[in-house]
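This document starts with one chain, in the form predicted on its own, laid out as structure tokens.
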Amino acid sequence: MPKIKILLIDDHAVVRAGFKLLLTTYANIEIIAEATRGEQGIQLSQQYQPDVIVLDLSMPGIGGLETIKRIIQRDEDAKILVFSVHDEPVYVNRALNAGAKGYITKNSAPTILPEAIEFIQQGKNYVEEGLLKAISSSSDSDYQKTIQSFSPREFDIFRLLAKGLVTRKIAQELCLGYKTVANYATQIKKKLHVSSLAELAHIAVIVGIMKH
């Protein structure tokens, strides 16, 4: 039986090592390539044509959501599983809307990961059970709709602004110019009809991106 070929995209070496250790016990799954950021992952996905791509959402550079979008643009049949620390509905919705076929969290039971990989490789979708409930019960407020319409880049900057990061720090983290981030910040505030970062943080709590 041919093995399911995996491309793993995650910037944390410890996570990648744990992932590999877990999957060595499954004879039908093989990691054929690893990337530490989205840009590298996109190149490797074209080079290796993996059966399933497993990726994190929070990464330096273009980030996970933009990575999903670009991989799908190049290959609409790409099978992507998000493996993230985020269990909030807004992240799950955005990942699935971007083209991911599945979503599981890093604190899920170890058996869920290989199970999700097998489901997705067979052409099915897989969302961790508790997360499905969260999606269906997520509030459909005006804020939620506005945030859903953000581009992946806007969403990343919104999230970091809401966490309290200053423009310069966000520019460093996302490898963008200071002015670019400042322009995005202005745009985001305008779309949400707010003028301060405190209001942005409050909205992030309302929509479930940040805890109180």
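Here, rigid core means the biggest group of C-alpha atoms that superpose within 1.5 Å across both forms. Just so you know, these numbers come straight off a predicted model, no measurement behind them. Note that residue numbering follows the sequence shown and begins at 1.
From this point on, the text means the form predicted in complex with the DNA, which you will not see here.
Think of it this way: in the predicted complex, the DNA has a heavy atom of just one of Gln144, Ser58, Thr167, Thr36 within 4.5 Å, and the residue is Thr167. Scanning Gln172, Asn28, Gln43, Thr180 against the DNA in the predicted complex with a 4.5 Å heavy atom cut-off leaves one residue, Thr180. Among heavy atoms of Arg16, none comes within 4.5 Å of the DNA in the predicted complex. In the predicted complex, the DNA lies within 4.5 Å of some heavy atom of Leu176.
Interface membership of Lys190, defined by any non-hydrogen atom within 4.5 Å of the DNA in the predicted complex, is confirmed. In the predicted complex, at least one heavy atom of Ser151 sits within 4.5 Å of the DNA. Once both forms are overlaid on the rigid core, the distance between the two CA positions of Val54 between the shown form and the other one is under 2 angstroms.
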